[in-house]
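A single chain, nothing else alongside it, follows as C-alpha cells in the form predicted on its own.
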C-alpha cells in the first residue's frame, strides 16, 4: 500500500506540554516516520495561526492525512477537523495524539515523557494512514420540544422556546405547576416574594398559545433520536384517558430535587422533639403568616441549624448551596415577625457566594443574630430542657471560634435540610438514556464547556436535577438549554457524526446480544429480516456491540480492526 502524505504537528501548549516534553525532539522523530512529509512544533496549535499553518501545508504540501499531538481530542478534535475541511480535506483523515493529559501531566521525567510522546505520535501516524474518508449524514429537525418538569426551570425553558414561536409540551407529575418554589415564602438575598415570581411564570405558561401543559402526567416512553423523538405521554389522574403520540426534536429534563429527610439524623431529634422542624415546615408557617411552636405560642428563642444532610460524609458530601442564604432569610423573617425573639445561627461554613449575598450576611449580623460555628464532621446535639427552664430545648455546640462548648436555649429549632436527587431519578435517566453521578444527579456533557447538554444528543438538563443550585443559576441554565435547542431548530437539519457502528446483515445471526448491551439504545431488531440494525443518529461509537458480537458482524466506522492494530503496533515499535 502506498503511504499517504502525512503532516504532523506537535503543540507546546504554552508550557503545559513543553515544560516536560521536548516537543522539537518529538517533531524531529515524527519527520523520519514513513509517509510523513512535514513535521512541525508550534507553541499553540489550536490558535488561529496554528490552524492556518495546517491549512497552508495541506494546500502547498498536498497533504492527505494530518496528525496533531496536543491535548485531549475531547477538547480540540473538532477544531482541527474544521481546519482540514477549510483546506478541502475530509475531516476524518485526521488523528490526534494526546501528549498532554496522557503524557506531560502524568510524568516528571522529561526523557521518559518525550519517549512516550514519540510512541503516541508513532501510533497516530500508523493509524491515520489507514483512515478512510467518511461522510456525515443530515436528518430533519422537528421543531417541537418536550419539557419534563413544571418547576421554575421547566417553565422558564418552555417560555423561552414558546416566545420564539416553537411548540412546547410541558409535562408535570403534580396537579399544579411551580415545583419546590411553590413551597417558598420569600427568596434570598433581596427578600422578593416567591409567590409573585411563581404567579407571573404560571400565568404566562398557562396562557401561552405555544405551550401545552399536561399536569398529573408523565412520559411513558421516549423513542427515536435527536431531531426525531416520539414521546408517549400518560395521565396519572385517569388511566382511561389513554396515552398521547407526540413528536418532538429535543427534550429538556427539569425534574428538580427533593429535600433531605431530617429524621435520618437522630441527634437532631426531628420527629421526636415536637418543636424541631424543617426549613420547608417553617416556609409553610411563613406563607400562612404565623411563626409559632406546636403549643401555639410565639417562640422566644429560635435556633437555625445548617447543613442537615449536606457536607457530611455520612449522608451527602456536597454543599446544597442555597441553605446559608435561606437561613439568613429566616433570621430576618423571624426578627421581623417577632422583634423580641433571640435568633441563633449554628453553621459549619457561611457560603455567601452569590450577588448581594455578602451584604445580606452583614445585614443579618446587624439585626443581632448570634452566629455559632461548629467543625465539619461534628454536629450540634439537641435535647429536651429540664423542667422549669424558660425554653423547651437546649442545643450543645462545640463552638469552633471560641474553643468552648456552648449551650443555647431554643423553643423552636429550624433544620436547614439540603437537596438530594428525587427518588425517581433512575427511572428518568433510563427513560431518556442519560447517566447519573455517584450522588444521583444527572451528568452533563462537559461541566465547563457544555453544562446543559448530555451525552445523548437532543437531551438537555436544567435546574436542580443536575446539581444543587439557586434560582438565578436555575433560570440561566434553563435559558441556555432553550438557546441550544433554538440554534438547532434554526438550521432546519441536523448533521450526524459519521463515526458510528454498522451491522453486516449477511453475517448477523440475529442473536440480539448487541440489543441488550447498547447503552444508548441505538440498536433495533428487525423482526422481518431477523437481523439487528443500528440507528446511526443514536450511536456514539462506544464499541460495546463491536466487541460483544459473537458473529463479528458489527464494524465501527473510524475504529476498524486494521486501524486499531496499526495504532498498537506504532506504540510498541
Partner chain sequence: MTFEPKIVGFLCNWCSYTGADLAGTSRIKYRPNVRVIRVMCSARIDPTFVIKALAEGADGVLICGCHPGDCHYTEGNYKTMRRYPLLKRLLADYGIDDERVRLEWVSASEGKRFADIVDDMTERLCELGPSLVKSALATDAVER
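Model, not experiment: these values are computed from the prediction. Residue numbers count along the first chain shown, from 1.
There is also a form predicted together with its partner chain; it is not shown, and the following applies to it.
J.: Consider the chain as shown here, without its partner, and state which of 74, 82, 290, 355 has a heavy atom within 4.5 Å of its partner chain in the predicted complex.
T.: So the residue touching its partner chain in the predicted complex, by this definition, is 74.
J.: Considering 53, 542, 535, 37, which brings a non-hydrogen atom within 4.5 Å of its partner chain in the predicted complex?
T.: None of the others qualify; the residue that does is 542.
J.: Okay, which stretch from 228 to 236, 109 to 117, 202 to 210, 299 to 307 lines its partner chain in the predicted complex, with non-hydrogen atoms inside 4.5 Å?
T.: Stretch with heavy atoms near the partner: 109 to 117.
J.: With a 4.5 Å heavy atom cut-off, would you call residue 569 a contact of its partner chain in the predicted complex?
T.: Result yes; residue 569 sits at the interface with its partner chain in the predicted complex.
J.: Does any heavy atom of residue 105 come within 4.5 Å of a heavy atom of its partner chain in the predicted complex?
T.: Output for residue 105 is yes: heavy atoms within 4.5 Å of its partner chain.
J.: Answer with yes or no whether residue 12 is in contact with its partner chain in the predicted complex, where contact means some heavy atom within 4.5 Å.
T.: Contact check for residue 12: no, nothing within 4.5 Å of its partner chain in the predicted complex.
J.: Heavy atoms within 4.5 Å of its partner chain in the predicted complex: does residue 430 have any?
T.: Close contact exists here: in the predicted complex, residue 430 approaches its partner chain to within 4.5 Å, heavy atoms only.
J.: Only counting heavy atoms and a 4.5 Å limit, does any residue of 440 to 467 reach its partner chain in the predicted complex, and if so which ones?
T.: Going through 440 to 467 in order - heavy atoms within 4.5 Å of its partner chain in the predicted complex - the hits are 455, 456.
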